[in-house]
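Below, in structure tokens: the form predicted on its own, a single chain.
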């Protein structure tokens, strides 16, 4: 382990100890207990002990932004798609602590410049630990400033390179199902429910661990050290729950905006000045949950804003998602 990676591990442990310190006897209790909730985050509700989640993503590619931020459509005849089956689970092992695991299986289905490729394999796995820092004090009635206190959760995630990356025995970028690097993320989630409205803000900052590379797309190369740029992810969403009939069923509509960026890649400690990327996207989702709030279904669409200036050095895509979730009481 290099000194820099050791520092990152120490930072994660420091964050965990800081979170633990906040959980003293006087700390407020966390996470919204009974709001409408947009169920897009992999967090166990306060009233439950665990959840299981199965979803399917269909992502289609529609061009790319160049280094200057100019968007260019893919050439005529190109048809690039990736499909992902995502299996995830979360377990609340203490009143304010929970653990989660997410594993995708990926299918690549591409046609570009007259060539077709079809590959599949495991994607990168994510394990996370979350701590509920504060509770949503009053989701249904606001009578004082204290009632505006949101639910705040802090988390640490580790991305495991279980997928096929450019540094494995693959032929091209169309065969890739993972990044090929470990990444450590610090996460923040803030959620406030007021009656049927649900506002969620999330932020994540991640750092990849440097690794040695001696193969690229199946060909042996002179060994060198490579490190991907630090990753920043921000999002905001607003949802509204529509009661269906008098039985307690709920249909929730959620709109969201997201910003994603990674800084420059470095080779043997030297930064590549043209390698940073960023993009912005919007999304909409409908979710249905029954009166018992155990089963829920959802369907959504995420759209990258394709105009010039909305991204840089990155492909633009649309993602259709359907999912089902069960919450264990």
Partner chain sequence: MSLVRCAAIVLLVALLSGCGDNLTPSGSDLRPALQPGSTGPAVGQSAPPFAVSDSSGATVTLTTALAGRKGIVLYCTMWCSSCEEQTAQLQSMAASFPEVGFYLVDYVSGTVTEAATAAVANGVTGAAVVTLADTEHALLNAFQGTMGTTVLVDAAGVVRMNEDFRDGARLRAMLGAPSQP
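Numbering follows the first chain given and starts at 1. Values in this document were obtained by computation on a predicted structure and should not be read as measured data.
The same protein also has a form predicted in complex with its partner chain, omitted here; what follows describes it.
Residues 205, 293 and 326 are none of them found to lie within 4.5 Å of its partner chain in the model of the complex, as judged by heavy atom distances.
For the chain shown alone, residue 249 is not a contact residue for its partner chain in the model of the complex, no non-hydrogen atom being within 4.5 angstroms. Within 4.5 Å of any heavy atom of its partner chain in the model of the complex lies no heavy atom of residue 143. With a 4.5 Å cutoff on heavy atoms, residue 259 does not count as touching its partner chain in the model of the complex; it lies far away.
Within this chain, residue 154 is remote from the site of its partner chain in the model of the complex, having no heavy atom within 4.5 Å.
Here is the short version: of 229, 186, 180, 121, the single residue with a heavy atom within 4.5 Å of its partner chain in the model of the complex is 180.
Put simply, of 199, 234, 253, 160 only one has a heavy atom within 4.5 Å of its partner chain in the model of the complex, and it is 160. Residues placing heavy atoms within 4.5 Å of its partner chain in the model of the complex fall in a single listed stretch, namely 110-118, out of 234-242, 143-151, 110-118, 188-196. Residues 267, 270, 272, 274 are the members of 261-295 with a non-hydrogen atom no more than 4.5 angstroms from its partner chain in the model of the complex.
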